[in-house]
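Take a look at this single chain, the form predicted alone, given in structure tokens.
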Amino acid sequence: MNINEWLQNHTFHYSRFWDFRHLVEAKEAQGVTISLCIPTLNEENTIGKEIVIFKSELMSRYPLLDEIAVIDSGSTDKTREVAASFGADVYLAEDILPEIERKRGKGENLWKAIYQLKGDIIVYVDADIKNIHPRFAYGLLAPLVYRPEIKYVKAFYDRPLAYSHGIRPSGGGRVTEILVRPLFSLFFPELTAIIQPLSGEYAVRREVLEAIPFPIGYGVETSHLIDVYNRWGMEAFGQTDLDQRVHRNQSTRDLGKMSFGILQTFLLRAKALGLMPEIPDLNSTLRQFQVNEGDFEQVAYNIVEEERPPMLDIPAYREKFRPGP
């Protein structure tokens, strides 16, 4: 399947799935369960609204979601209290699989959610979305319900708009367009069909999530795409246009740290797949500079993209979800 054919057959718009009753019927006919996971760290200002909207529309009104869970990294504000007060199941990441050495990072939360949540499908949604809407969940889970061959659905946003002076290009954010898309173009050309590879919203079948490793930090989304592509091919992917996503912008300095982590993950994957077998051991220190009273001073960050193994490698997970001989 070429890229244009894939785009035609595996790209959706959320409005296509407006018939919630039909979607619920299809879900129930298959006997699948669906969990919504919101990873958090200090998101008290937005988490309550997200839970209210998802719970009222996709649990109470239409029983699409079987559970809504917050996996928290250790917020110092009232994120956990607010989430619990609005009816979400709230878990502290370090309390999940406590026998395993603690690590912190968004990828860690996503990984531990596989153990903690019960769904056959897990929908991940970031906690900082200011224009939250039920489409951020149903637009992603619907292709998995209707298309059994699809295993992993990514979100993208902000469709190209025609103006009198031309067309405004649409794609991923700054890290995507400057780093990830060029890398995919060089090494995994088919993956360039994924419009926003770093989007924080995606829905995935458990059979996939439990079988792939998870970087605990910035590289988790990039790692997922490479691993799913390598194992199941482009047929496993879908993507849904969610129109627009409003969230806080990150500074260029923070994007540099993100890029550093993603690049580590990418190079390690390329080495493991034999695409770049001669890569030496990677340095983990990122140096940036800032001006302090007219002088340039160096700021060094140690960023190591540690990785969790596939959840199937964890004995406690197999005992919980795959009991028996």
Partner chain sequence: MPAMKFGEIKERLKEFRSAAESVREILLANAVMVAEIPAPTFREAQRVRFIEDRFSECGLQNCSTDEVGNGFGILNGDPGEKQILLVAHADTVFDEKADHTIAMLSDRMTGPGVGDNSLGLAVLASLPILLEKLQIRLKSNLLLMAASRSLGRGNLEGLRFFLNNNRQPIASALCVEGVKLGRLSYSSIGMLRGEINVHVSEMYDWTRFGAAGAIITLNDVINKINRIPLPKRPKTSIVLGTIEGGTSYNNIATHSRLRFEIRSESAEIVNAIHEEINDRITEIALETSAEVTLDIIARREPGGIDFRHPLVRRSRDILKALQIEPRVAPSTSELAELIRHEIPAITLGLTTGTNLNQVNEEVLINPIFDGVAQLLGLLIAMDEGLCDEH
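Positions refer to the first chain, counted from 1. Predicted, not measured: the structure shown is a model, and the values here were computed from it.
Another form, the form predicted together with the partner chain, is not on view; read the next lines as being about it.
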**Prompt:** Looking in the predicted bound form, is the partner chain within 4.5 Å of a heavy atom from each of P148, R205 and V208?
**Reply:** no
**Prompt:** the partner chain isn't shown here, but in the predicted bound form, which of 60 to 68, 288 to 296, 269 to 277, 29 to 37 has heavy atoms within 4.5 Å of it?
**Reply:** 60 to 68
**Prompt:** With a 4.5 Å heavy atom cut-off, would you call F86 a contact of the partner chain in the predicted bound form?
**Reply:** yes
**Asked** With the partner left out of view, is R231 within 4.5 angstroms of the partner chain in the predicted bound form by any non-hydrogen atom?
**Response** no
**Asked** Would K55 count as a contact of the partner chain in the predicted bound form, using a 4.5 angstroms cut-off between non-hydrogen atoms?
**Response** yes
**Message:** Is G256 part of the interface with the partner chain in the predicted bound form - any heavy atom within 4.5 Å?
**Reply:** no
**Asked** So which of L198, L144, V82, L179 gets a non-hydrogen atom within 4.5 Å of the partner chain in the predicted bound form?
**Response** V82
**Residues in 5 to 22 with any heavy atom within 4.5 Å of the partner chain in the predicted bound form** = R21
